[in-house]
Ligand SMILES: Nc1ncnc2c1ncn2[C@@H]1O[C@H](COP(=O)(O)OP(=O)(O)OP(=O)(O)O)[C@@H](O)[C@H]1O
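There is one chain below, alone, in structure tokens, taken in the form predicted on its own.
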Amino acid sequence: MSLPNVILIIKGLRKVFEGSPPLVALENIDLDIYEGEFLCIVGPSGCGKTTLLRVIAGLEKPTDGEVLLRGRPILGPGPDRVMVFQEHTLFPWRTVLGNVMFGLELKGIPKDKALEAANSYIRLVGLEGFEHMYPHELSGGMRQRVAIARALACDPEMLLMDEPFSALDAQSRNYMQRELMEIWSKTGKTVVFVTHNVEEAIYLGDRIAVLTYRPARLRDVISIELPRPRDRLGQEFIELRAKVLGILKEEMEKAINQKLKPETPRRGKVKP
């Protein structure tokens, strides 16, 4: 059996935000991401998951360490990495078709070819027949499908997703997870997916990278060997969920204990 190709290498990554005092968001993270895999990132709330994704996207620069895409350092945003945010960020004045065509227009692709490509991705995400509708006329799940189609139309090497389904109700979220699995299986794109939902991570991911509380370090990388589509009520699924939740519980308890730790009393006379 051949080993998977590594598409992205994160080595000794540290990210510090300047301030008084400075905020250490990421600390000494080493992680390889494989070509074509679906990697989920989970961790305690506010630990630095989105910061890690933004560093991969080139929207934040590392303080120390390096991030290499196919051996080349990431120095900023690029068409080889496209990010899908929590909010759909669609242009309200453009139709579904106009939004999906936007990146193709920026790349200077001839209109007829851009139109053909945009329509193929609209069909891929199941929005055929909605091409001429505007974002305000669509449901939340449909708007996120447009955002995914727009990202895929740029043909990136990596699709970076920052909790894209967090604003959806449970039923819509489960539906979008199934849809995303279909899209991923058809395109073979490398996906890095940040979520605070452990069940979502187990349902979607080939592997789960678990981060510690801030500053975020890589606590564990868990491989998910369950066949797809995955049964959320299956015993192995439930056991994996308990394992990941147990790790996150430990990290949250550390955070609470750290916050409750009393300050060292100052020496000196006590005023009456």
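Only a predicted model underlies this, so the values are computations on that prediction, with no experimental measurement involved. Position 1 is the first residue in the sequence shown; the rest follow in order.
The following text describes the form predicted together with the ligand, which does not appear among the structures shown.
None of the heavy atoms of Gly205 is located within 4.5 Å of the ligand in the predicted bound form.
For Met252, no non-hydrogen atom is located within 4.5 Å of the ligand in the predicted bound form, even though that partner is not displayed. Remark: His196 counts among the residues lining the ligand in the predicted bound form, judged by a heavy atom distance of 4.5 Å or less. Contact check for Leu23: a non-hydrogen atom falls within 4.5 Å of the ligand in the predicted bound form. The candidate stretches are 222 to 230, 50 to 58, 31 to 39, 240 to 248, and the one lying within 4.5 Å of the ligand in the predicted bound form by heavy atoms is 50 to 58.
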